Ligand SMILES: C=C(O[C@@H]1C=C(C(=O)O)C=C[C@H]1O)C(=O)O
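Taking the form predicted on its own, here's one chain by itself in structure tokens.
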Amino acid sequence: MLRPESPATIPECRAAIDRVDAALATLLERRAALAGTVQRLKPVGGFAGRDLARERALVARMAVRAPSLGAARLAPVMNAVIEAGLHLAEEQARHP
């Protein structure tokens, strides 16, 4: 997935995108699990315990690795990822 690819056709491009999406899904699942653990350990978890400064720093670090996207485009993506993890953690807390 991290190796450069040079797809030359639409089917090759779509297959490459599908491989990246599969890896992304695995990473998102792992991230959600880790975030759930953090929510259980924090004194104030869930949406009330969000650390917006940490989130901004995260987006800034990611922008270094994805400069073509930049912080402005990554911020809403990471907000959605973080909120999905928070919703999942809340659901799991209600239904252990």
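Here the structure is a predicted model, which is why all the values come from computation and not from measurement. For every residue, the number given is its place in the sequence shown, counted from 1.
FYI, the form predicted together with the named molecule isn't displayed, but the following is about it.
Note on contacts: among Val38, Val64, Leu27, Ala57, the single residue with a heavy atom within 4.5 Å of the named molecule in the predicted bound form is Val38. Of the heavy atoms in Leu86, some are within 4.5 Å of the named molecule in the predicted bound form.
Contact check for Ile82: a non-hydrogen atom falls within 4.5 Å of the named molecule in the predicted bound form. With respect to the named molecule in the predicted bound form, the three residues Arg31, Lys42 and Asp51 uniformly fall within 4.5 angstroms at the level of their nearest heavy atom.
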